[in-house]
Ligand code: NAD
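Heads up, the chain below is alone and in the form predicted on its own; it's given as structure tokens.
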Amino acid sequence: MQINETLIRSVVEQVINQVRNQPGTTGAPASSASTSTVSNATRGKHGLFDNVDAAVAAARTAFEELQKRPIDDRRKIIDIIRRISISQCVELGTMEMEETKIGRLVHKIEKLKTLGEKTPGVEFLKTECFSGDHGLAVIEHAPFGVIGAITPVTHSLPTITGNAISMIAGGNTIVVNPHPSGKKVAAVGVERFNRAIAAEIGIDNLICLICEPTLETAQQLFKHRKIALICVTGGPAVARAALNSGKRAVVAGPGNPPVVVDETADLDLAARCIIQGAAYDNNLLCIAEKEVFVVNSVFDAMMAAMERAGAVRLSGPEVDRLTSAALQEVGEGSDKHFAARKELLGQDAYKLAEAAGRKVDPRTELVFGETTADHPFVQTEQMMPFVPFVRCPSFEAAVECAQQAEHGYRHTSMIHSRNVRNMTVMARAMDTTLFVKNGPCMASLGLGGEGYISFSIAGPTGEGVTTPMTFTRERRCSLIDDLFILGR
């Protein structure tokens, strides 16, 4: 499907009007396959539940039914999710934008479409065999069971979509506790997936959702005895909670990805890539370029390249005003740190410029400015389309600053350089899950680069970019040579 501005505008107007004119619904109208809407009457089926116990019980029943089915049925289920995610990406992406009010509409739409196209499915499952004098061993990859998932407001339905494809491919079912600010579009998407799967495959509730999510329901999910595995995509607090749950956890935690630009870089290419990555969905991606360290000898030329590429440079005083408006100190004592204010999180670049006292073209994708290495914008995962640039006396100093700013998350880092040695030095020093050379951050997830996509990138627990294999456990089946001996 070709996405263009005319299509987006027409669907946006239709969807927003429908959402606003339907009191009592938890989202927009259902797909063309169904004339009903997501309402209280839908609770208790098609994946929508009011409490954790009921959701887990339904997901467990669905899991037991799925185990009786051939793997080809999993493939059909995934095809249904893909079809809805792709064909309804404009409508569902618009709902997400209208509900969360952060990011950029065109990217909300693109994320759903791309996840439907590129999230790996059952083709990623691999069976290994070992044979020899003592028999045969077959190593299969079995499901865990019911997986409890926490999803973020930054990518509410997209994260559910990608996780569902990978988890179901592994033979699991899912119970999701979505971010409260993205619960409505999550409910609409989950209801549509389940309704279509039930109609075509005959299993309901493969993906279950807590319709009124809270911290308490998240904790109940973490502790529930029938939840076999936890998958968390979110910030530091929810990541810590998952790691302390006592269950096995796949944790996609925070990131603060740095960029290093050395004296050999193609500066115009670097500028275009930084803008493309940092402006994508208004910098809500955890892999996005958050701060840039530039070798001093090319610093001024790099700033000029950024302006040529369309970004708007803020002056020192303007950066100061933006900092006061966009960031705030939270926590106490040793836990005191800066965090983004909700009012500007994920907002358009022109709004950030206004907060800095500057009027810019509303079409501006990114604003940037020079700061010191210890500036709050450098040290904070701010998730807004402003990028701080820091002068560094050498490449080695730039890498050291990048390590400090990344805080040891080992999430994502980027370099722009023609020097292979420098690329190798930084890759080893950062030791991040994703490392991008001479490209935008999205290339690491197959968007303009090679590979597959997932919005759950498990750095803290080490799984990396999650796939169906992430959500399986190894099962070894052995046929021993004694059986042959006894049969002689």
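All residue numbers refer to positions in the sequence shown, first residue = 1. Just so it is clear, the model here is predicted, and its values are computed rather than measured.
Keep in mind the form predicted together with nicotinamide-adenine-dinucleotide is missing from the figure; the text below concerns it.
254 is the sole member of 357, 145, 254, 135 with a non-hydrogen atom lying within 4.5 angstroms of nicotinamide-adenine-dinucleotide in the predicted complex. Put simply, of 305, 249, 353, 150 only one has a heavy atom within 4.5 Å of nicotinamide-adenine-dinucleotide in the predicted complex, and it is 150. Although the partner is absent from this view, residue 453 stays clear of nicotinamide-adenine-dinucleotide in the predicted complex, with no non-hydrogen atom inside 4.5 angstroms.
In the predicted complex, none of the heavy atoms of residue 330 sits within 4.5 Å of a heavy atom of nicotinamide-adenine-dinucleotide. Although the partner is absent here, residue 125 is not a contact residue: none of its heavy atoms lies within 4.5 angstroms of nicotinamide-adenine-dinucleotide in the predicted complex. The shortest heavy atom separation between residue 286 and nicotinamide-adenine-dinucleotide in the predicted complex is within 4.5 Å. Residues placing heavy atoms within 4.5 Å of nicotinamide-adenine-dinucleotide in the predicted complex fall in a single listed stretch, namely 230-238, out of 89-97, 272-280, 230-238, 313-321. Heavy atoms of no residue among 62, 116 and 198 are located within 4.5 Å of nicotinamide-adenine-dinucleotide in the predicted complex. Annotation for 370-384: interface residues with nicotinamide-adenine-dinucleotide in the predicted complex are 381, 383 [heavy atom within 4.5 Å].
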